[in-house]
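Let's start with one chain on its own, the form predicted on its own, as structure tokens.
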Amino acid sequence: MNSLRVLWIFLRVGIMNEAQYRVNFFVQLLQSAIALATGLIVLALVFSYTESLNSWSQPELLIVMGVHTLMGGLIQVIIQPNMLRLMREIQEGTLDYMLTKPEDSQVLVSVRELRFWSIVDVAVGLAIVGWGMQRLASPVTLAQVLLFLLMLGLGFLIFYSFWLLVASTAFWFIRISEIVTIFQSLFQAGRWPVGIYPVWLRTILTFVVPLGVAVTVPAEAFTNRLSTGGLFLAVGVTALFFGASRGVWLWGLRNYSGASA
């Protein structure tokens, strides 16, 4: 309960801070509109030459695109700003201020920053998913919707855990900005189902940079493609990354010497 209270406090403060710069909302709208138009144009070009892509229809790929946009929005809203700040504070030795607070330090460093206007991408992603759902050949059942929401939650945890793992490497390494750049480049690969890629890249996008699980699996749940094996894979990858990120974070804290050292 304390963690939820802390989250709510930081959420309110973050929204108030963002509300001071309303022009950022219109900048975000423009960026989201450009990204949406680009994605739809590419999708239209692909389906001007074929009726399906590795058995995925155009409405189904719209859902994949929507999940990708939604997840990108969630990363920009809360995960990336907090992890970038964490990396900076570890390198500058100023993380001490968080470690002296009477709350779990991982919770605190994970919710301090909020880029609220990036919620536009979350809304756009949901709209694209809804559009794709309306164009599906068969109606979506309540069970599919619930499974989709569960997989979205697991996908968010996977991305959070991955970012925390990357940020925690700042306890030992200085130049880690390249890792963030690589992730941002690879993230674009999540715009397409992981199954269309060669086996070696599919493996990387499942177990190293788990885009395949965090983006494709929720879309599979919504399009009735998710198998029992895929469901267990999603749960297993989530547990693996979450446990590993927690362990590396605690290990890093034991090796941390800040400005007060």
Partner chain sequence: MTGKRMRSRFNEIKFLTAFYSLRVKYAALLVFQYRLATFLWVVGLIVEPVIYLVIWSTVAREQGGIIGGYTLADFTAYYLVWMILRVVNIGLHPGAFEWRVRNGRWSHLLLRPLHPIHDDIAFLIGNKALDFVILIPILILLGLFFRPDLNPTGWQILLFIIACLLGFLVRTVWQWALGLTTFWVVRVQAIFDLYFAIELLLSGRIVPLDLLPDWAQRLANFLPYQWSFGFPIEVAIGRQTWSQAVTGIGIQLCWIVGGWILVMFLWRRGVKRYSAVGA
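Here the structure is a predicted model, which is why all the values come from computation and not from measurement. Numbering follows the first chain given and starts at 1.
What comes next is about the form predicted in complex with its partner chain, which is not displayed.
Visitor: I need the one stretch from 75 to 83, 96 to 104, 185 to 193, 147 to 155 whose residues put non-hydrogen atoms within 4.5 angstroms of its partner chain in the predicted complex.
Guide: One stretch meets the cut-off, namely 185 to 193.
Visitor: Although its partner chain is absent from this view, report whether residue 141 comes within 4.5 Å of it in the predicted complex, heavy atoms only.
Guide: Result no; residue 141 lies far from its partner chain in the predicted complex.
Visitor: Contact between residue 181 and its partner chain in the predicted complex at 4.5 Å, heavy atoms?
Guide: Heavy-atom contact with its partner chain at 4.5 Å: present for residue 181.
Visitor: Please determine whether residue 54 contacts its partner chain in the predicted complex, using a 4.5 Å cut-off between heavy atoms.
Guide: Output for residue 54 is yes: heavy atoms within 4.5 Å of its partner chain.
Visitor: Against its partner chain in the predicted complex, would residue 198 count as a contact residue? Criterion: heavy atoms within 4.5 Å.
Guide: Yes - in the predicted complex, heavy atoms of residue 198 and its partner chain come within 4.5 Å of each other.
Visitor: Can you name the residues of 28 to 50 that have a heavy atom within 4.5 Å of its partner chain in the predicted complex?
Guide: Heavy-atom contacts within 4.5 Å come from 30, 31, 34, 38, 41, 42, 45, 46, 49, 50.
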